[in-house]
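Shown next as structure tokens: one chain only, the form predicted on its own.
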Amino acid sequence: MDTGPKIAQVAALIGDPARANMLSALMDGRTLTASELAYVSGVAPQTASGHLAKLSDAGLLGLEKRGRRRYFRLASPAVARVLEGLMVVAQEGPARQRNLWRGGETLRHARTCYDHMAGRIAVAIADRLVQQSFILLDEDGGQLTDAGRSFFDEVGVDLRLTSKRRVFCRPCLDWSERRPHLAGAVGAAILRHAFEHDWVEHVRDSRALVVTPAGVRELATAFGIRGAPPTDGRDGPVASLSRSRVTVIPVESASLGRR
């Protein structure tokens, strides 16, 4: 078997601190230039070019050319899953070796995980969908029920735009909350809907998402989630509101969808 050497090669590439920082910076699904990735990894542009070439040759990064500029992105959702899994494993080591969460409460409240949503809000959405039997989840994947399809139609989340070449629905263990949020095509559709309807906004130069006032209302109406106040992207007086526990309103008192 030759899988061992291949695993070792990929692991060695990811294990370099500079390359790990580059890959982490691309975990929000954006594309970044070599200069931007050099900055986030703390290395010189020439050194960054060497790292990017190695990551691209190994199939971990994809390249887009726009005029004279070259933009890098994670090659596929599979690469994002590997990185997220490594983050989880790193948190599960001996207590003395675990990294303390230093991402800030805004990042913990809501953030992107490649093309889907992570953090407290995303975990609460997954809880609601499972609680209502709209989605059936196990460790390996997820299935949308007939009731779930009707629910997404009522809320307006368009699942017809999902690619048939990728996993439709699966749990993704949230590395800050230690519980699953939704990934796959369904998770991507929820995040796309949230952006298109101004429920959330990107925080500049961060994976963090701001929950807008409209998002607070719609998350309560559509998914029965409360405790999701708007934040301004900083750990200040406004962002501190998100420190309260996100809860899912009991089924009997929640107004799901637009029925």
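Sequential numbering from 1, following the sequence displayed. Bear in mind the structure is a predicted one, so any value in this text is a computation, not a measurement.
What comes next is about the form predicted in complex with the DNA, which does not appear here.
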query: Counting only heavy atoms and a 4.5 Å cutoff, which of 107-115, 128-136, 184-192, 69-77 contacts the DNA in the predicted bound form?
result: 69-77
field: A18, Q46 and H51 each touching the DNA in the predicted bound form (heavy atom, 4.5 Å)
entry: yes
message: My question is simply whether T221 lines the interface with the DNA in the predicted bound form - judged by any non-hydrogen atom within 4.5 Å.
response: no
field: Touches the DNA in the predicted bound form: T33 (any heavy atom, 4.5 Å)
entry: yes
